[in-house]
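Next up: the same protein chain in two forms, each one alone, written as structure tokens (structure 1, then structure 2).
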Structure 1
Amino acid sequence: MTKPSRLAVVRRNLKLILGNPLGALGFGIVLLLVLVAIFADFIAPYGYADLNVRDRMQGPSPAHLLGTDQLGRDTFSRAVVGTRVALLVALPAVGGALFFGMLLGMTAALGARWLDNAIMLFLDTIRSFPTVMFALAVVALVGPSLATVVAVVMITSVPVYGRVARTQTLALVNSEFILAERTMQASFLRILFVHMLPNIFGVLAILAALDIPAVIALEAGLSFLGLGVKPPTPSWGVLLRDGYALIRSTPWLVVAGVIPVILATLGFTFFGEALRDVLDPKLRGRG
């Protein structure tokens, strides 16, 4: 029997995810967020920085679906563009943390004892810094920006993926196919990327999907504290900060910041759990 192609495997897994009601819902929300982020400039009826002082502090209306803020800017447009900001932080940060954590974790598990100890000491040192305090220190040095938020989230997330990658690799290091490759004097890089990576990537992908909502919430929290993106770039955290000061008179600003965060959390969580069910054979009754 021939081995199914990667495309066939992807199609089969996607079919299994869509067969799960919560998985289909999560996939739909994630797809919607991605499309909104890509086509934000076409979806937003106004520019996110367009000022209209005469229409300031207006409530929801056909002209302004989520009202306007204290400067007359359209809240719906800012929430739409904020979707792009959230994903521009979450996806590169999680992807970078996944890559570097996976590389360090597999190297630690397959390398010499001194290398394993050095890498784990490095990861534990990074993990010991509280994320918010580390963000404060970095922002004080380089200033708030989108790149700063991505770097902070990536650096503080690397130890999580590194430890998981190391644990998964150690579970496979004495497997027969790894011992056979070593007997045939396969190179370290071949064992690392050809044999180890495909066997541990599924677990890390599940972790990444479930970690994206936490990163989005972290970015919103940093922006709420003034440590995120620079004005006038919109962010869901900035919407929450602006709305918090005016919550008694303009509650729609808080709603515009809260609802996208909730949708992103539910979407990526449902999608991650469905992905876990598909990639973990035991959860499908195969173990």
Structure 2
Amino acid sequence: MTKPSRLAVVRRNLKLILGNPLGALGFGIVLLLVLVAIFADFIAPYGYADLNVRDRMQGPSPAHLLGTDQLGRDTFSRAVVGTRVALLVALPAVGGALFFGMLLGMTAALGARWLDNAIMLFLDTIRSFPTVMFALAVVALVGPSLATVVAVVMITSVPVYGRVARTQTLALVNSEFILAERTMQASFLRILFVHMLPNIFGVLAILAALDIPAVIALEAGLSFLGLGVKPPTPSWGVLLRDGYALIRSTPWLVVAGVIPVILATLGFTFFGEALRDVLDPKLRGRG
């Protein structure tokens, strides 16, 4: 039996995801969001900070697809540029959490007993802060910014990845194929990089895909509280913050802010779950 090429595996998995209606929907939405984020400057019909006081607080119209805000800025353009902010927070934060979680989890599993205990206790300690509460404490001390949001999300997510990486590593160390590699005198580094890393990474990647919606929601939430990105940077949370302040005069701002958040969380969730079902059928339906 020849080993299928990497490209063929990706193509097969993509086909499986697209074969599931929700997976296809999720994939479509994710692709759309990524494209919107990349080409935001071309898609947005107006500048995200362009003021036009004469046309302020309008409802949707052909000129302003999602209406305008209290300063006459085009809400659609702001939502489009906000996509970039959302992904700029979510992807590095989840990627960083995955990396450090894997590092800590594998170290705990392969290291000495005391190191294992110390790392796990450290992760449990971080986990003992409710995410938003921890975020608020950090923001209060170091001030709000995009970097703070990324750091907070990364720190609070590391324990979950660390725990899973540890369990996965422990299971692998005792598995038969690793034992076989050892008897064949494969070096430690070869076992680590060729055999263990890909197996651990797969599980963590699924976790990461399922984590992205929560991270997007957290960024939007912090920005909604005025503790995330700073104006005039248009985060979806900032749109909602403006909308909330004006909820009694116009419903459009809230509606315009809610649409991309719901689209993103649903899209990434459906995509992540389809990805999980394809890559790890054992996890199916675990919730």
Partner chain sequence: MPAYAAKRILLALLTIFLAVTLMFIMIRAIPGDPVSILLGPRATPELKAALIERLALDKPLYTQLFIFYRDLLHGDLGLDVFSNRSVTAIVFEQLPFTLELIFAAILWSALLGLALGLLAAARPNTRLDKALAILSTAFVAAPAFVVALLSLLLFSVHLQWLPAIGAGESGNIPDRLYHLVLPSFAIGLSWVGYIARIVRASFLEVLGEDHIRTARAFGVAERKILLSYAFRVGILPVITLLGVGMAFLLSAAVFTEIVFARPGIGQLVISSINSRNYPVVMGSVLVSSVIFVVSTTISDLVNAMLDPRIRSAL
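Rigid core here is just the name for the largest C-alpha set that superposes within 1.5 Å across the two forms. When a residue number appears, read it as a position in the sequence of structure 1, where counting begins at 1. Bear in mind that the values here come from a model prediction, so they are computed numbers and not experimental data.
- Remark: structure 1 matches the stated condition (the form predicted on its own).
- Relative to the superposed core, Ala112 undergoes a Cα shift smaller than 2 Å between structures 1 and 2.
- After superposing the rigid core, the Cα of Ala147 is displaced by less than 2 Å between structures 1 and 2.
- Once the cores line up, the CA of Phe99 ends up less than 2 angstroms apart between structures 1 and 2.
- After superposing on the rigid core, the C-alpha of Val194 is displaced by 2.5 Å between structures 1 and 2.
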